[in-house]
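Below you will find one chain, with nothing else, as structure tokens; this is the form predicted on its own, and questions on how it binds or moves follow later.
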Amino acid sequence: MTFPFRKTLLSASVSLAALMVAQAAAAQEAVFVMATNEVGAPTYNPIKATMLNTATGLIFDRLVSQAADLSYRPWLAESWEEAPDGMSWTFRLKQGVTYHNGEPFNAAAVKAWIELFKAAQGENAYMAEAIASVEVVDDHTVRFVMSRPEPNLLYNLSSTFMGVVEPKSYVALGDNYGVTEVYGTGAFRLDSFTIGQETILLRNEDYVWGPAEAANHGPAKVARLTFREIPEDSTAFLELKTGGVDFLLSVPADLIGEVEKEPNLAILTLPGQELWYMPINVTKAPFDDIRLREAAAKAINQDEILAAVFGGAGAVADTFLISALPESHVAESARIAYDPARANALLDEAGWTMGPDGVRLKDGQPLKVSLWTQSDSIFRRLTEVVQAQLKAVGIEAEITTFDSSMIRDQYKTGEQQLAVRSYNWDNADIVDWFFGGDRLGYPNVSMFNDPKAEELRTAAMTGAKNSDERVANFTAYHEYVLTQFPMAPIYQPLQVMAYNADRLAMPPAIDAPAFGAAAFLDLEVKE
């Protein structure tokens, strides 16, 4: 009789201990939901990817980081020096840094990484294009010898796309690098990755070299991060509300009020880096006529959209760049704003006359076009408003909805006419990315390939000797693109996030352009 009793006590003790361990483990875990525009990233390979997500920036450190004021700070590089003529950069590297697989981070590793980056000749190769060669000065000093001055080099090096990979594993794993395994020097290492579903990261226990913007340089205070991919914003909100997740990395304006109703949930905002717009396919009739493109662009009432769809949170957009960038300061005549009188006049001039049902006709054919969007609720709602605004000037747009993770592949067909989409970037080179003539389909959804634009693009990307020249060149390039109406700007949101305040303690300040590595190092899970 005694043995069963003792066994029962032992079982109870083990169960209690297991429960305590489970509770302690839960206190060290947090579950995040990716922004919808990050859903479907197929790889964590920053060299070859055209799309990366927030988790990427936790796996890979960069040589430099960016503060909230967009200045550059030390990270894997302790300091740097640019030659007066811009033809070389010398970086002094932090010592004692290792990759997740134990390989040392040093000058030889940086040289091998840059050479791999350039050799891949992927979509991101332009970021290192101006680096002619890399010289190892000593074990912790590296010099980039330039083929031309590159005023944007520090920005490129701070980008997630230039996360510093471990060269030996990159070569050994080939196409599996970033899918089955991936090794950086970041505060977290990859545990598992299911494309389109979730990513699990585990704390790098050896990490003590966080960016200057973080109060905690490492290890991170949270042991395990799960990033779920939920393409529907309302579904993600319900998960947050019911405790299935702890943090939404993006909250659309129409859900902010719902978050604020919940006593245990809180909103976190940062200045926006995103821009919503309507790409116009310049190769598809009727939009091969610039008058039709301008008419469609000027049918969009940005102020109405800001108020009705986004509740006044954020700002209207009238160029392709976020207003914080100096290259957005184009001539007033190039800015694209709501002008229904001009839109109607252009459609009349092009021979499209208003029909009895409010749809314009030409040669007996109605002015009907396709309008693509993605499946999450805020995109559908915005697209319906855009559809109504187009109809007000006589353009009937039929909405086609694609799953958020699949729409990029659809763009590659080049069959779109109009669409509603967004990007998240805080550098003027996004104009090159979305309107470069060698990237038709995706990311150049507008299929824009204009000889004068290409000349201006070359000057913007490679023709500047210093930052001031680069700003001037990009402003001219951006301004010309706007005058050709391959898109209509719509909206600039704030970065709005939501979290369970009973579970998570936010850093007192986030000195970074986005909720990234610095914020994750300072984030705490409440006991």
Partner chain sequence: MIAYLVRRILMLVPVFLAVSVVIFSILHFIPGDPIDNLLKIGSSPEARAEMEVRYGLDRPLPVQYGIWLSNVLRGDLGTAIVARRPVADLIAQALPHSLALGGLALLFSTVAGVGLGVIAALNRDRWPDRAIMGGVLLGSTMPSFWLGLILMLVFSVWLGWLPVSGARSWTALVLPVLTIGLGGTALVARITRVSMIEASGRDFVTLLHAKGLSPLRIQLGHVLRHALIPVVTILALRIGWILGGAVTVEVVFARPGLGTLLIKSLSQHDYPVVQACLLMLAMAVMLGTLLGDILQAVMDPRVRAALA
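If you're wondering where the values come from, they're calculated on a predicted model, not measured in any experiment. Residue numbers count along the first chain shown, from 1. Just so we're on the same page, rigid core means the largest C-alpha set that superposes within 1.5 Å between forms.
The form predicted in complex with the partner chain is left out here; the points below concern that form.
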Report task. Check each of D318, E258, D450, E232 and return the one that places a heavy atom within 4.5 angstroms of the partner chain in the model of the complex. Result -> E232
Requested in this report: Could you spot which one of D206, D191, E415, D438 gets a heavy atom to within 4.5 Å of the partner chain in the model of the complex?
Outcome: D438
Query raised in the report: Of 115 to 123, 183 to 191, 82 to 90, 358 to 366, which is the one stretch near the partner chain in the model of the complex, taking non-hydrogen atoms within 4.5 angstroms as near?
Result: 115 to 123
Query raised in the report: Taking 4.5 angstroms as the cut-off for heavy atoms, does E396 touch the partner chain in the model of the complex?
Result: no
Query raised in the report: Can you check whether R143 is within 4.5 Å of the partner chain in the model of the complex, heavy atom basis?
Result: no
**Report entry** Touches the partner chain in the model of the complex: M51 (any heavy atom, 4.5 Å)
**Finding:** yes
Query raised in the report: Just to confirm, F161 within 4.5 Å of the partner chain in the model of the complex by heavy atoms?
Result: yes
Query - Output flag, Y170, A223 and L494 jointly within 4.5 Å of the partner chain in the model of the complex, heavy atom basis - result: no
Query raised in the report: Which residues within 409 to 433 place at least one heavy atom within 4.5 Å of the partner chain in the model of the complex?
Result: D409, Q410, K412, W425, D429, I430, W433
Report task. Indicate whether G244 shows a C-alpha shift of 2 Å or more between this form and the one not shown, with the rigid core used for the fit. Result -> no
**Report entry** Y207 C-alpha relocation of at least 2 Å between this form and the one not shown, rigid core basis
**Finding:** no
**Report entry** Closer or farther: C-alpha pair L325/S71 in the model of the complex, relative to this form, given a change of 3 Å or more
**Finding:** closer
